[in-house]
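Here you get one chain, nothing else, as structure tokens; it is the form predicted on its own.
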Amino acid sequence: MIIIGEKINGTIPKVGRAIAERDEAFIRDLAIKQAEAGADYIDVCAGTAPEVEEETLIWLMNIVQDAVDKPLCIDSPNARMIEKVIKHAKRPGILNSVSKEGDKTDVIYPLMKGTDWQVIALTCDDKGIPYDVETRVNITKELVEEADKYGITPDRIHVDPLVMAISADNQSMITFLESLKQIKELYPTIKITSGLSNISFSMPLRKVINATFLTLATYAGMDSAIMDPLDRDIMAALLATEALMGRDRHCRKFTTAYRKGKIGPKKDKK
């Protein structure tokens, strides 16, 4: 599983305060902790007013790249903003995101041409997020076909079929998994991702729901997730799932994480 660490996001209250106060030490520490916990990419999202987003994103990118040796996932709902800040990335990572909304493909795909950048592709268009599998699959086809014009192969695309909160749509996970299945049948090398915690919005015991969804989706073929690597329960569920699926030779990753105190009950400091 490819872990995209989600913690450096200005919409999270503590992070928002750190951004407003330009608390570099807080952001640096958050990047280091996520990398040490197993994040493969560090997502950076300003979550600020549009007029200060560029400055804030560059500030975040510089701190994270100085603190850890992990590629970035540059996160903005504004494709033009990604276009402005991408030059500040020291190496290719993931662009978050592209969709069939507006001119996003016309902005994002040219940035990726001839590079090793990857992209998160959302299955939505100008009509919004579709509830049915067929429309999500058709949008994926359009995104992949458009990407091919720029030499972007399916293995560089992380398709997010946009799992809805089960509090609003009780069939949300079923729709997600069926979309995953059909997309993988069309494009075997494509990656499937999700914003993991979206599934549990407005529900009690959110961590339990998130961990269960992660387990089921990983078994079904999900390749990456935007998630909190500092959540010990989520990481334990992921490592256990991969061990049970035969992906962890001799269960070394699971047992090592346990011995190092990264999963399981926290040990009291003496």
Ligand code: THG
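All residue numbers are counted from 1 along the displayed sequence. Just so it is clear, the structure is predicted and the values come from calculations on it, not from any experiment.
The same protein also has a form predicted together with ligand THG, omitted here; what follows describes it.
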{"property": "Residue 257: touches ligand THG in the predicted bound form, heavy atom cutoff 4.5 angstroms", "result": "no"}
{"property": "Contact of residue 12 with ligand THG in the predicted bound form (heavy atom, 4.5 Å)", "result": "yes"}
{"property": "4.5 Å heavy atom contact, residue 175 and ligand THG in the predicted bound form", "result": "no"}
{"property": "Residue 143, heavy atom within 4.5 angstroms of ligand THG in the predicted bound form", "result": "no"}
{"property": "Segment assignment from 175-183, 131-139, 193-201, 84-92: heavy atom within 4.5 Å of ligand THG in the predicted bound form", "result": "193-201"}
{"property": "Proximity to ligand THG in the predicted bound form, single hit among 122, 157, 79, 112 (heavy atom within 4.5 Å)", "result": "122"}
{"property": "Ligand THG in the predicted bound form - contacting residues of 67-92, heavy atom within 4.5 Å", "result": "75"}
